[in-house]
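Just one chain follows, in the form predicted on its own, and it is written as structure tokens.
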Amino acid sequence: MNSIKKKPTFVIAVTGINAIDSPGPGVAVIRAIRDCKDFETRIIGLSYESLEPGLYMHDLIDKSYQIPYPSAGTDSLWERLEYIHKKEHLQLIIPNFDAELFNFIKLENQLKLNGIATYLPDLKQLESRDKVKLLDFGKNHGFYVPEDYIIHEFKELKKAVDDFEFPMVIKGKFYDAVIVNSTDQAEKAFFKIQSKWGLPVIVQKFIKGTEINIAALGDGKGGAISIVPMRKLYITDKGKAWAGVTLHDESLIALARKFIAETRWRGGCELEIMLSPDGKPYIMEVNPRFPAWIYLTAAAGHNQPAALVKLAFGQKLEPFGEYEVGKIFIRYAWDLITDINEFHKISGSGEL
């Protein structure tokens, strides 16, 4: 009689569970992992705010904990993770915010010594695609990247306004991008982004074209496990994709494959591309983690979050084959109902 092989059970902590109008990737990452039938999971949500919707999605997240903001530094983060680990016996952490990656990468060895895996780019890889360095990165590796100015103080904004034609794009060093059409709008956007994300602020030349996002997973050795391009069908006033469709374009796939090969990227990433009318693919940003629409890759046959889990635990994977073209995602709002006692619990004890 053949015995049935028991599936492994992994305890996985996931950040970025703020499924709001500008959602974090965490809930989508968890949905994709839950879809995988190759292993069982206990999902631990890591939050920064008491009203992050993922906290109350008990069908997706088994237990949640608040963690300190990235600005608190690695010591505070490790102290909190150590407490959570003693209770939950974490095996893998998947961070999903740009601003927190530096701390998690710095803690990678310490986490590993305590039996907690990560699957992240190293600091050199993280810094190479930073928005502040993106133009130089493009020049060094032969990618199309829009011209930009890195503004460290307000008086430098005038030079960018004089040199670039309107519209132009004002960006924060971590998040936010505002298209402006006048000097007055540029100044307002500068101060708004500076107050939220600090300096420097990036002023980028506007490129007209079709917005494409590419989700990719690199093996850390220059190989791409999965590459899935998506064309935005509906864009919010914050520039976020609210609907999109998978497409097949060999030039876009080759672009992402070249990026992963050049950087030897380890983990998930997203390339934000503007495809100009003359067919030039401009890299507008490289996000060093999975995008919020990552569940679309699983629906199209390339479950990138589940593949990352397998890679993190040492499994060797071959690149995915074809994915389903024409698969559409449409984001929607949903009133999640919970009890005030749950809000008080996470606010008061930092656990739910």
Partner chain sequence: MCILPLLNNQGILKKLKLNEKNELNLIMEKQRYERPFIVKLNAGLMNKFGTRAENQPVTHIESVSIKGLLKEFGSPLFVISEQKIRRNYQNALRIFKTRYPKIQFAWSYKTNYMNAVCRIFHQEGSWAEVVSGFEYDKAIGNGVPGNKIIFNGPDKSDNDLIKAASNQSLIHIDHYDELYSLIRLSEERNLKPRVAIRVNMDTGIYPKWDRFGFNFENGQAWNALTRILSNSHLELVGIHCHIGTFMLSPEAYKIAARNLCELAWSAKERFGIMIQYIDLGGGFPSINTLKGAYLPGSDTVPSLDQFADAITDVILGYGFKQDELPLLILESGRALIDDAGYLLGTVLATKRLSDGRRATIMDFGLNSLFTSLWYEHKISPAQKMSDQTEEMIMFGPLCMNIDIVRESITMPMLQKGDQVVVHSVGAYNMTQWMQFITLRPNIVLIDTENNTHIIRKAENLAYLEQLEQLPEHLK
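Predicted, not measured: the structure shown is a model, and the values here were computed from it. Positions refer to the first chain, counted from 1.
As for the form predicted together with its partner chain, it is not shown, yet the points below apply to it.
Just one of Val132, Ile179, Ala99, Leu233 comes within 4.5 Å of its partner chain in the predicted bound form, counting any heavy atom, and that one is Ala99.
When its partner chain is considered in the predicted bound form, Lys221 lies well away from it, no heavy atom lying within 4.5 Å. Although the partner is absent here, His152 lies within 4.5 Å of its partner chain in the predicted bound form, judged by heavy atoms. Within 4.5 Å of some heavy atom of its partner chain in the predicted bound form lies at least one heavy atom of Gly73. Residue contact with its partner chain in the predicted bound form: Pro68 places a heavy atom within 4.5 Å of it. The chain is drawn here without its partner chain; in the predicted bound form, the stretch among 317 to 325, 23 to 31, 284 to 292, 49 to 57 whose residues come within 4.5 Å of it by any heavy atom is 49 to 57. Taken together, the three residues Glu108, Pro121 and Phe259 all stay farther than 4.5 Å from its partner chain in the predicted bound form, as judged by their closest heavy atom. Annotation for 325 to 352: interface residues with its partner chain in the predicted bound form are Phe343, His344, Ile346, Ser347, Gly348, Ser349, Gly350 [heavy atom within 4.5 Å].
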